[in-house]
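Next up: just one chain, as structure tokens, the form predicted alone.
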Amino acid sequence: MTAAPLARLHRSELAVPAIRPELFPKAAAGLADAVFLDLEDSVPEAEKDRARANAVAALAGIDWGRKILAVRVNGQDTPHFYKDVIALLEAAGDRLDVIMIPKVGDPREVFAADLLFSQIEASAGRARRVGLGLVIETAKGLANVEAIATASPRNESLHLGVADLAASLGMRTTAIGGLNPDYASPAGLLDPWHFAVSRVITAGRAAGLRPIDGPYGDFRDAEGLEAAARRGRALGAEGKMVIHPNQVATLNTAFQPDEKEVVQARRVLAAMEAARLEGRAAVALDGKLLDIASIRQAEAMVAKAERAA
């Protein structure tokens, strides 16, 4: 039986370059549900050591509140990965929730990371086990996503990395997320990310992980961001990665059940409870049939609203 996803609020996940420590206090005080300090793409090769030291200091030295606190390390195919992991698990204290691994392509990579993490945690005497956030951003990773999602009991979340995935798939775009005018039908534009988002969500939910949609690169386009978030939400995404603080409020609203939805969900639960007491497994409400599956849908919506509150 698949475990339920960890009960963490994860509507918005803000990326913060670890080479920019002046941004850390703002991120800690901001509205994002999750923050990840980035050691990978946003850090020049010559600055990797300095960025790592900044991240280690920030994990213990800043009050991050109740946010999910993560660090995206460098890829396992780089000489920086093992240095990142050792520094974070030996010297950064126990506040770190998740280590995000980029460009995961094979479940054996997750197994190897889990083994390394376990050895360091045992040696360092860490009080709690760090989780894994796996970024799916290559054709190989997308093809193997179901096996990747179940490769370690540490796995907490699956993240879609749209920019690198576009390059890996050979897509004709230089944008980060969003629509493509070449991908259209007579009825209008289509979503070129539908398949990838849906597959990551399905693999994540099947494995009991939180599926997180990829970022939307045009941070000046609030309307496009909201539309992209609603598409992801409709498919079951838990939240979305963020590249600019100005995007956070839009995503928190988009992935938060609104008051009407929560009221309706509570009505569904009340109607189903009344049916249960009468010995029935289904009931009609507002002209629509409800059954046991309706309870699970309504409970999930109410639970997410309560976590946000």
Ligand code: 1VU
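Residue numbers run from 1 along the displayed sequence. As the structure is a prediction and not an experimental result, all values here were calculated from the model.
Beyond the structure shown, there is the form predicted together with ligand 1VU, which is absent from this document and is the topic of what follows.
Colleague: Exactly one residue in 133, 215, 211, 232 has a non-hydrogen atom within 4.5 Å of ligand 1VU in the model of the complex; which is it?
Modeller: Selected residue: 215.
Colleague: Which is the contacting stretch out of 35-43, 250-258, 54-62, 271-279, given heavy atoms within 4.5 Å of ligand 1VU in the model of the complex?
Modeller: Within 4.5 Å of the partner lies stretch 35-43.
Colleague: Wondering, does residue 219 line up within 4.5 Å of ligand 1VU in the model of the complex on heavy atoms?
Modeller: Yes, residue 219 lies within 4.5 Å of ligand 1VU in the model of the complex.
Colleague: So in the model of the complex, does any heavy atom of residue 283 sit within 4.5 Å of ligand 1VU?
Modeller: Heavy-atom contact with ligand 1VU at 4.5 Å: absent for residue 283.
Colleague: Is residue 72 near ligand 1VU? Define near as a heavy atom within 4.5 Å, in the model of the complex.
Modeller: Yes.
Colleague: Spell out, yes or no, whether the shortest heavy atom distance between residue 244 and ligand 1VU in the model of the complex is within 4.5 Å.
Modeller: Taking the distances in the model of the complex, the answer for residue 244 is yes, it comes within 4.5 Å of ligand 1VU.
Colleague: Considering only 16-38, what residues come within 4.5 Å of ligand 1VU in the model of the complex, judged by heavy atoms?
Modeller: Stretch hits, in order: 16, 17, 20, 23, 26, 27, 36, 38.
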